[in-house]
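Coming up is one lone chain in structure tokens, specifically the form predicted on its own.
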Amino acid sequence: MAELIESVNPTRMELLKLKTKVKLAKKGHRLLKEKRDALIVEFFNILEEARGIRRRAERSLGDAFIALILAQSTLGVLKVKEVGLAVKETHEVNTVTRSIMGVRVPVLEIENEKRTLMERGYSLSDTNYMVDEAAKKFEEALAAVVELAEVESSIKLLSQEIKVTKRRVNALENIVMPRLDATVKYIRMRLDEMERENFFKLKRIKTSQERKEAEATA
């Protein structure tokens, strides 16, 4: 049997309060289950999306490193390093958020995602198209990695929210609602007992009064 709510008074007022709590608990339980189910659907949708993004990021990084090796093979490793040091600051990534079923997830945006040859900052006179291609491929890889970071952060946050929501659903199902139901039954039982006790008391009082009246008129 579920535990009763501590220090409960078996009164009709308390019974009305508990009935209201039962209704609210049932409504909250239904809404949380709906939220949990919707979150799980969103989670698996994004998880499937993440698989494609991860493959694309891995492919982009592979292409970028191949382009880098080709550039090094024509200009030499030291020269390519020198070109890399001349490149302007790394792209900045701005973060905003969006809501998925009330969960705030990040949206990552790269400033100046694709730069022109002049914007990259290295000298064009002592480099070749292979360096340009490597720079382009790494910019594409960066965009793919940022997209992957965004979607994987969303997966992590949704997973955490699903766990929290499941715990709340389980707490309502296994603790809160059974305790409320048990306490309502207990109060009803006590009220019935008190009503029977009062009935028998009144009956005894009435019988006693009738006996006294009979004796008085005898």
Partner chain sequence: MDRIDRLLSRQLQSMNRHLAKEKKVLEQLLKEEKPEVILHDGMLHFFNKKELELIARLLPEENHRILMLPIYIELNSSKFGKGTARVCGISEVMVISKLLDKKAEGDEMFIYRPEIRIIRKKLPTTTQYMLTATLG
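Every value quoted in this text rests on a predicted model; they were computed, and no experiment measured them. Note that the rigid core is defined as the largest set of C-alphas that superpose within 1.5 Å between two forms. Residue numbers count along the first chain shown, from 1.
One more form of this protein exists, namely the form predicted together with the partner chain; it is left out here, but the text below deals with it.
Taking the partner from the other structure, the partner chain in the predicted complex has a heavy atom within 4.5 Å of a heavy atom of R98. In the predicted complex, the partner chain lies farther than 4.5 Å from every heavy atom of K81. Not displayed here, the partner chain is approached by N45 to within 4.5 Å at the level of heavy atoms in the predicted complex. When the partner chain is considered in the predicted complex, R30 lines it closely, a heavy atom lying within 4.5 Å. Shown alone, this chain has one stretch from 36-44, 178-186, 53-61, 66-74 that lies within 4.5 Å of the partner chain in the predicted complex by heavy atoms: 36-44.
Note on contacts: among M194, M13, L202, L24, the single residue with a heavy atom within 4.5 Å of the partner chain in the predicted complex is L24.
Contact with the partner chain in the predicted complex, defined as a heavy atom within 4.5 Å, holds for exactly one of N198, T20, Q209, N9, namely T20.
Once the rigid core is used as the reference frame, the Cα position of K26 differs between the shown form and the other one by 2 Å or more.
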